[in-house]
Structure formats: C-alpha cells, structure tokens
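A lone chain, given as structure tokens: the form predicted on its own.
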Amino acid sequence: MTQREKTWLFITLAILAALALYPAFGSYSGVSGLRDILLFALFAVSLDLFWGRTGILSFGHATFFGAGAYGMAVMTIHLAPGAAWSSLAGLAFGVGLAGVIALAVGYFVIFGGVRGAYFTIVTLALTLIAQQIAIGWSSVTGGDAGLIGVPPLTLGLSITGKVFYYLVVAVLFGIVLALWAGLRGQRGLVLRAIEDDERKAQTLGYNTPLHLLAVFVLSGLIAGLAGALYVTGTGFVAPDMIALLLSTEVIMWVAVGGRGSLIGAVAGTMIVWRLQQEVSTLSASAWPLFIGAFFLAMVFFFPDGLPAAAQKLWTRWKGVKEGGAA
C-alpha cells in the first residue's frame, strides 16, 4: 500500500467515524439532511468511478440518478402500491432501469469510438432528452409536478430515521471500500493504461471498449441506487432530479474532492453542500452564479481538488520546516 493510499484510507475511516457519531448529538432534521447529502455523495462516487478512473467526462449522470428515482417512484406508486415487496421491487426496477440505459447508450457510444469532448456532448444530450421525457410523459412521471407519495424504504420493516441514516452510511462506505479494493489490482491498472493511452492498451491485447463499458454500466447502476434510495427518504421525485443542473453539480462535487480518489467525491459533496447552505442563507438566487464562479476557480487554481491542494501545502510547509531546522 502506497503512502497516498494510506492517507486516503485514513481520511475514509475518519469521515466514517465522524458520520457514525453524528446522530448522537445531531437533531432529527440534521440527521435527515446529512442522509440526503450522503446519497448525493454516493451519486458523486458513481461519477468519480468513471471520470476519475478513465479520464472521460460524463455530463449525463443525472440521467441514471433520475432513472433510479423515477423507477422507485413508479413501482411503489403506480405498479405495486402498498405491497410488502414494493420497496425491493422498486430498488430492482430503478437500479435496473439505470443500468439498462447505461448499457444501451454506452454500447453504441463507446464501441462507436466516441471519446473526449464528443462523449461529453453526447451524454449532455442524454440528460436533456431524459428530462424532456420526465416532463412530457405526465401520465407516468407526473410531468412538471413529479410524483408525490413515495413510501419509506421497507425491508420487512419500515426503515426510517436513524436506522435509514446508518443504512445509507453503510451502503456508501461499503461501495467506496469495495471499489477501492477492486481497483487496486489489474482492473485498476488497465483503466489507468486506457486513460494514459487507449491505443497502446489495445496493442497489449486489452479490449478497451469492453472495459470502459463495464465501468460505465457499473457507474450507472450505483447512480441509480443513489436515486432510488434518495426518493424513499424525501417521498417525492421531480424533473429536477434528472436535470442538467444536477449533472453539472455532481461534476463540481467530484472536482472539489479530487477525481480518482473515490472518498474525495464524498468530501467534495459535503464541502459544496455546506457552501450552498451558507450562500443560500444570504441569497437563494445567488447559488447558480456562485457555483459557476466556484467551478472556474477550481479549474484554474485547484485542478486536482481541495484535498490534493491541502496535501501539497502541508508537504511544502513540512519541507520548509525541516529545512529550517537543518
């Protein structure tokens, strides 16, 4: 294990410990709000898995989050209302729907050789199309008003409050640690090789489109899971959950935390949401302007994310201190 991996593992365990202790002194609304932020963090992890490990930016990840959310809502409200198994069916339907969309789009785009900025544009168009479907298919999706009345998650018993919070924490960190462990081996090395030079990876005998498609679909499944769980906590789904703004915000969360680290996406989400709360208390309309300015600042001054910038400053300060002592 490298020193960088040890550092990120320590940060992961420290965040996990803090989140585990929070319900002991946090209010009910505070616990519910943090739970929702952690589900958005899971969404950010899904993007970081693809963007951070392949270097290919997807601007359409809100499509998968929204597919999971709408899948859960449609199953529990329209198809199986009141059934004891509706939550499990909703999870399967929502996550499966997100996975099918990722598989269908990813197959034609990735095997079609679309990369770089063209991939970003195609996925951006995907979000716009998905949002129009969510608004236009009002008999199923509720149109602009969305769907209200999604029941709480039920797995034998109704899972609400602190139990739901701890379930979200367990799911989030279980997925982060599983991905971290899985990407430390050959799969991670292949993805790094594809990011550096896909053609060279192909000459070594790797089916690079298949590797990219597998990661893209897994990323979509995780985003769908985040969306499906999210609506069971809020009780409603709306077109905003499949909109371009959400696709933009999740890119910001990953960029702030530093792409490629997985846990950085969690930290970035929490940092940006805290900033959003502070800015919104001053002016609710100022947030979209602020996020644009903040994103530009991140690109120009902190391209590797705030944690990486802090680590560089710490290393530099430590070197200066050791040099002065010598």
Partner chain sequence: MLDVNDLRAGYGSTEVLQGVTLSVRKGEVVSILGRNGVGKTTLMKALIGLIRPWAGQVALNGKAAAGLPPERIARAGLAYVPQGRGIFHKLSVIENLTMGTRARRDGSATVPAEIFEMFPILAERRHQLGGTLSGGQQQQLALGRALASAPDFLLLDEPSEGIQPNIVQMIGDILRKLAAEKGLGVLLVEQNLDLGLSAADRVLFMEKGRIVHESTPRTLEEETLHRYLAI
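Residue numbers count along the first chain shown, from 1. Since the model is a prediction, treat every value here as computed from it, not as a measurement.
The same protein has a further form, the form predicted in complex with the partner chain, not shown here; the description that follows concerns it.
Visitor: Residue 236 versus the partner chain, in the model of the complex: is there a non-hydrogen atom within 4.5 Å?
Guide: No, residue 236 sits far enough from the partner chain in the model of the complex that none of its heavy atoms falls within 4.5 Å.
Visitor: Mark residue 201 yes when one of its heavy atoms lies within 4.5 Å of a heavy atom of the partner chain in the model of the complex, and no otherwise.
Guide: Flag for residue 201 set to yes.
Visitor: Does residue 114 reach the partner chain in the model of the complex, with heavy atoms at most 4.5 Å apart?
Guide: Residue 114: no, not in contact with the partner chain in the model of the complex.
Visitor: Please check if residue 144 has a heavy atom lying within 4.5 Å of any heavy atom of the partner chain in the model of the complex.
Guide: Residue 144 lies outside the contact set for the partner chain.
Visitor: Quick check on this chain: which one of 180, 107, 166, 206 has a heavy atom within 4.5 Å of the partner chain in the model of the complex?
Guide: Only one option qualifies, and that one is 206.
Visitor: From the list 189, 170, 129, 157, which entry has a heavy atom within 4.5 Å of the partner chain in the model of the complex?
Guide: By the 4.5 Å criterion, the partner-contacting residue is 189.
Visitor: Look at the stretches 223-231, 237-245, 181-189, 94-102 and give the one with heavy atoms within 4.5 Å of the partner chain in the model of the complex.
Guide: Of the options, only 181-189 has residues within 4.5 Å of the partner.
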